[in-house]
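Next comes just one chain, in structure tokens: the form predicted alone.
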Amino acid sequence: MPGAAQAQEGAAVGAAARRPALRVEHLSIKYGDVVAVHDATFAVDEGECVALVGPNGNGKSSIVMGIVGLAVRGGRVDLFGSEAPARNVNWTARHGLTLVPERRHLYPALTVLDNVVLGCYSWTRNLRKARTSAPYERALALFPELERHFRQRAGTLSGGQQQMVAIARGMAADPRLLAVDEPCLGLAEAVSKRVYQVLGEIHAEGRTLVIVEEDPRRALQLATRQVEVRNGVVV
């Protein structure tokens, strides 16, 4: 059957063309004597949107923190074909991975514009270059509703607005892989839908996404695949 043979050949070519953006092997993370993650193994291909799902307190955020270098880890993490050194956030940022952390972690006394431009720090130390760059302009355009708040201090914004600023800051880094930790935590449903709408636009640009999400139904509105984490184990 020529049709079936052609389909199989096409699938093989597609599989060969896919390259891993992220490969995690036997990841373990401890906080003192407490084991948060043990022997987590999974991979994310370039262009994928993968959701890390599971109940709160089961290790999803710890996995992401270990990957980006914010937690002491064992095991191996490869990013776009290169082994990532442990506890080196600067390395992961320079190699294309940016984290939008849980609870935003903005600088509350700085304006929206100042918070977003800090995302450019991963690829330039020149403020003038950053403020006239395409990644910065693209980041500011993600949420037009923020424009009237550009000169406002981030700490005076609502939780939803702060989440928008955090995502914009992450995109100002021009990441190849954007990791977003609990993007809808504490947000109203309408705001959550808006956040996922923009994440969908980012994914449609061809960027790889890893989303940490407690609610698998919400995550699978966008994610092409889910990785379930329970009791510190990828199941």
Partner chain sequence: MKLGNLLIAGLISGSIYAVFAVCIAMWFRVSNILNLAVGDFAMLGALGTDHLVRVLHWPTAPAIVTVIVACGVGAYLYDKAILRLALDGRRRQEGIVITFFFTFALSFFIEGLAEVLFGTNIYAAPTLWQGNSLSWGGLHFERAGLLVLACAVVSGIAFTAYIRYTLSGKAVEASGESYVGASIVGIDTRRYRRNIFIMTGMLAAVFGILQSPLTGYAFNSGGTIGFTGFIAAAYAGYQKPGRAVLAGVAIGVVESLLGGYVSTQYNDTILYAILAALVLIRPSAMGLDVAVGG
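Everything numeric in this text was worked out from a predicted model, so none of it was measured. Positions refer to the first chain, counted from 1.
Below: the form predicted in complex with the partner chain, not depicted.
Exercise. Does at least one non-hydrogen atom of residue 121 fall within 4.5 angstroms of the partner chain in the model of the complex?
Worked result: Yes, contact at 4.5 Å.
Exercise. Is there a heavy atom of residue 94 lying 4.5 Å or less from a heavy atom of the partner chain in the model of the complex?
Worked result: Judged by the heavy-atom cut-off of 4.5 Å, residue 94 is in contact with the partner chain in the model of the complex.
Exercise. Hey, in the model of the complex, is residue 82 touching the partner chain, heavy atoms inside 4.5 Å?
Worked result: Output for residue 82 is no: heavy atoms all beyond 4.5 Å of the partner chain.
Problem set entry | Touches the partner chain in the model of the complex: residue 74 (any heavy atom, 4.5 Å) | Judged by the heavy-atom cut-off of 4.5 Å, residue 74 is well away from the partner chain in the model of the complex.
Problem set entry | Residues within stretch 101-119 having a non-hydrogen atom within 4.5 Å of the partner chain in the model of the complex | Contacts from 101-119: 101, 105, 106, 107, 108, 109, 110, 114, 117, 118, 119.
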